[in-house]
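The chain that follows stands alone, in the form predicted on its own, written as structure tokens.
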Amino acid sequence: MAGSKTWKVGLLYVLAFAVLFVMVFPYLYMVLGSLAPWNEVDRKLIPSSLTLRSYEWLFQGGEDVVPRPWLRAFFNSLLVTSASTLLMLVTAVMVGYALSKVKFKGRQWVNNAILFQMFYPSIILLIPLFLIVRYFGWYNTYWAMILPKAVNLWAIFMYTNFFRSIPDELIEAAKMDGAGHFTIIRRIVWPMSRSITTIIFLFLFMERWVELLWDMLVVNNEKMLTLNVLLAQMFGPYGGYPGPMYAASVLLTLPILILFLLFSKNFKEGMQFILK
């Protein structure tokens, strides 16, 4: 009996490591490809030596014929993603609190409209949003990449459901002490939602960081391109440079990996709430 149980546990470990290897191998291959000599990229699984030539090539702007601002594109992505994620978090907290703790006429209708919009194909709104951007004169500006992404319905839905789990008596007690809605959000609701905020922040940051279509649509100034757009353009004039392409891909995934490692503890706590 004990031997059978040990065999099953060993089989589970083998399957777990096999799944882990399948998931991690593409990233390891990408990292090795970015560090491999150019004549060994996609030719050897493990390079004979490691070099930073691909990263140096990116930071120097690529070929002299068609120089590309890779480093600036990285900071553009960081700026746009950070600003958009911050705005999405703020609006989601405000709207989620209002829908869960503030009684007003039409609250259920707004909640149902948000649920309906979540299942609505977002690409249908692409042209109307683009026309709005052109109307306000935001085309080819950072505002065009930030403001239209300032609201995320999934984040609103998550905060609304989490805030409903907070006892109404706690909110009423704070009101009796003279606290307004913004004070309650800042001192009670926001600190209590730290775990779920980590989940929402990571997903929003990751979703905005990998955005491609919208950034390609509203910006064509090379100095304002995000790393995703520049990486997509690499398949054209730089299609013969797989090493730098892997290096740019590593830079693209690096912030997400760092954030996950920093907030892994809160991520696990937030996932426990979601799976309840």
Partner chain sequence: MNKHAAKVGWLLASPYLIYSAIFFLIPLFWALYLAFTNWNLISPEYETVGMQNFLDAFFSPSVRAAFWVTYKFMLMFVPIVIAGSLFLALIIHHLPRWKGLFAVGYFLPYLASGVASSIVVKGVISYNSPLNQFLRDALGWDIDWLGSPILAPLVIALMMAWKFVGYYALLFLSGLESIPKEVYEAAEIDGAVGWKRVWHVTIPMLYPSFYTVTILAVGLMFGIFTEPYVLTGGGPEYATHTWQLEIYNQAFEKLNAGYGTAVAIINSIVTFASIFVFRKVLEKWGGKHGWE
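Positions refer to the first chain, counted from 1. Note that the structure is predicted; figures quoted are calculated from it, not measured.
Another form exists, predicted in complex with the partner chain; not displayed. Remarks below refer to it.
Q: Hey, in the predicted complex, is residue 130 touching the partner chain, heavy atoms inside 4.5 Å?
A: Yes, residue 130 is a contact residue.
Q: Flag residue 171 as yes or no: does it have a non-hydrogen atom within 4.5 angstroms of any non-hydrogen atom of the partner chain in the predicted complex?
A: Contact with the partner chain, no.
Q: Is residue 167 part of the interface with the partner chain in the predicted complex - any heavy atom within 4.5 Å?
A: Because no heavy atom of residue 167 falls inside 4.5 Å of the partner chain in the predicted complex, the answer is no.
Q: Is there a heavy atom of residue 182 no more than 4.5 Å from a heavy atom of the partner chain in the predicted complex?
A: Because a heavy atom of residue 182 falls inside 4.5 Å of the partner chain in the predicted complex, the answer is yes.
Q: Which one, 145 to 153, 186 to 194, 78 to 86, 159 to 167, holds residues whose non-hydrogen atoms are within 4.5 Å of the partner chain in the predicted complex?
A: It is 145 to 153 that comes within 4.5 Å of the partner.
Q: Using the arrangement in the predicted complex, list in sequence order the residues of 23 to 37 with any heavy atom within 4.5 angstroms of the partner chain.
A: Going through 23 to 37 in order - heavy atoms within 4.5 Å of the partner chain in the predicted complex - the hits are 23, 24, 26, 27, 29, 30.
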